[in-house]
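As structure tokens, one chain now follows by itself in the form predicted alone.
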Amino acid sequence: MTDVIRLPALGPTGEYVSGTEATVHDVAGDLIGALALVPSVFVTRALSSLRKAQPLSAEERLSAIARAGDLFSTATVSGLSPDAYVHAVCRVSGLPVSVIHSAAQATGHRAHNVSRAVEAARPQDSVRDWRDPLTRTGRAVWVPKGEVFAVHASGLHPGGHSLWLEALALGYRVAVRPNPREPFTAHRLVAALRMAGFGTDHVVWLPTEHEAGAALLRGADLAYGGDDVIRKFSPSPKILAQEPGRSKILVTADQDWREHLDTIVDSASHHGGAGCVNATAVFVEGDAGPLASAVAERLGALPSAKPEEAAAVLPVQAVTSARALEKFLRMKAGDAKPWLGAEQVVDELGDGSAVLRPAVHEVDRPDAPQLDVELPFPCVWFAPWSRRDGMPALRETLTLTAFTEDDGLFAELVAEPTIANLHRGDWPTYWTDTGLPHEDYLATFLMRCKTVIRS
């Protein structure tokens, strides 16, 4: 049996071990970790300390974040080596080990490039500092909207934590409430930031139950995330809530889908198919059946394996959770044509866990309700689409990859306000790069411009 990993809270005066712990179990139900829960009064005092703390200079912040990225991806942090960290996250999240390794490297890379990421969001004519000579004749200065930023971690993909580094870079003090199912990534990143130079009153890690989580949200100036607490308080101008991605692919009649099959399959299954940027729906101008059949054949050949095994490419969950997803999928599928149906989604591994195998269905119209069903494994819905159907079916999309030669149609897609990101050609839905927005820039939520002129 693996030793239990105990994670103390990382409060404003250092580590804190409470008398109340929450346990963390892996996908087979084995105890793997325990985290110290903090009460509401601890949260309130921590936020007060963050508010009083003086931020490091911009140069000091960027240097410390870069060092923290190196420590996160290569060093032993809080007693966990990189391999031990990857194994723990792999076992509790069920994501393939290759996905966790890749996310750890990406976090290090993004930490080194956090300046580029936030500068991409800064309005062109603004300056970062009131001391800039341009303010002598009047200039917009880009400043934070607040001082304290709360992160309510939601998803089980560890890569999402690299985003809130931008808040630290911009001068915020940050409080992170971890997801109790996968607390290791947030703890490791906060600990690495402290090792790299951030004070204990600049960034804290506060595991809480629901009531204290609400206190964290109420006490911060701005908050971001997608857990139950965030959803309870949304919508609010001080909350940026994570929403389902419902990423899509469009193939028009002037395209031979066979030339793009690799990109379509990859968009559905990359990183275990568990992300908001994985394709959920594929719209085909014409008969969607042949493409659905080809994608099902490719996805159906993916192997089943435990998440820590090198062969793993599909996510794993506890059997009870996997069976619940199977039941949900069967209910939602209704009269959709199954190319890979719900009955084959759960592949039990014999240790209390099960691989979530891909599902592929075809519906008969572009407004079928199944097309909005997003699940944490490769689950793709295919539908016919025509120019008469237009934009409605393609709306509310995090990323749309369009295979089309029609410039007029592409211009309409660019202009559609509910499509956050748009790719044309063989760019999978999950593709991104430093300096590009995910769902707009986080900095547009965190910052504002104010006029400054001085004599």
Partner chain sequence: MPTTDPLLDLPAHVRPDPDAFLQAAMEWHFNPETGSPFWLRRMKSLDFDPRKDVETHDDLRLFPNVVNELRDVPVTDLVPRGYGAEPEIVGVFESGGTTGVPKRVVCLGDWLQRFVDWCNAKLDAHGFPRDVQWLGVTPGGPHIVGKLFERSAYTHGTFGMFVDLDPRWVKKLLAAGKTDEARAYGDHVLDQVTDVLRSQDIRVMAITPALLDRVVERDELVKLINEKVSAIRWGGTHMDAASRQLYRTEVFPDTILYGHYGSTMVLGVAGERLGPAGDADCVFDPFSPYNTFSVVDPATGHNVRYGDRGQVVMHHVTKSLLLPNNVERDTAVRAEPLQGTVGDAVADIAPVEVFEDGVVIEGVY
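Numbering follows the first chain given and starts at 1. Please read all numbers here as calculations on a predicted model, not as lab measurements.
The next section is about a form of this same protein that is not shown, the form predicted in complex with the partner chain.
K.L.:
Quick one: from His270, Arg218, His87, Arg139, grab the residue that has a heavy atom within 4.5 Å of the partner chain in the predicted bound form.
P.N.:
Going through each option in turn, the one that passes is Arg218.
K.L.:
If you check Ser57, Thr44, Ser63, Thr418 against the partner chain in the predicted bound form, which one has a heavy atom within 4.5 Å?
P.N.:
Contact with the partner chain in the predicted bound form is made by Thr44 alone.
K.L.:
Look up in the predicted bound form whether Ser18 has a non-hydrogen atom within 4.5 angstroms of the partner chain, and give yes or no.
P.N.:
Judged by the heavy-atom cut-off of 4.5 Å, Ser18 is in contact with the partner chain in the predicted bound form.
K.L.:
How about Phe233 - does it come within 4.5 Å of the partner chain in the predicted bound form, if we only consider non-hydrogen atoms?
P.N.:
Judged by the heavy-atom cut-off of 4.5 Å, Phe233 is in contact with the partner chain in the predicted bound form.
K.L.:
Can you check whether Ser40 is within 4.5 Å of the partner chain in the predicted bound form, heavy atom basis?
P.N.:
Output for Ser40 is yes: heavy atoms within 4.5 Å of the partner chain.
K.L.:
Considering non-hydrogen atoms and a 4.5 Å limit, does the partner chain approach Arg395 in the predicted bound form?
P.N.:
Contact with the partner chain, no.
K.L.:
Pick from 44 to 52, 64 to 72, 403 to 411, 425 to 433: which stretch has non-hydrogen atoms within 4.5 Å of the partner chain in the predicted bound form?
P.N.:
Careful reading of the contacts points to 44 to 52.
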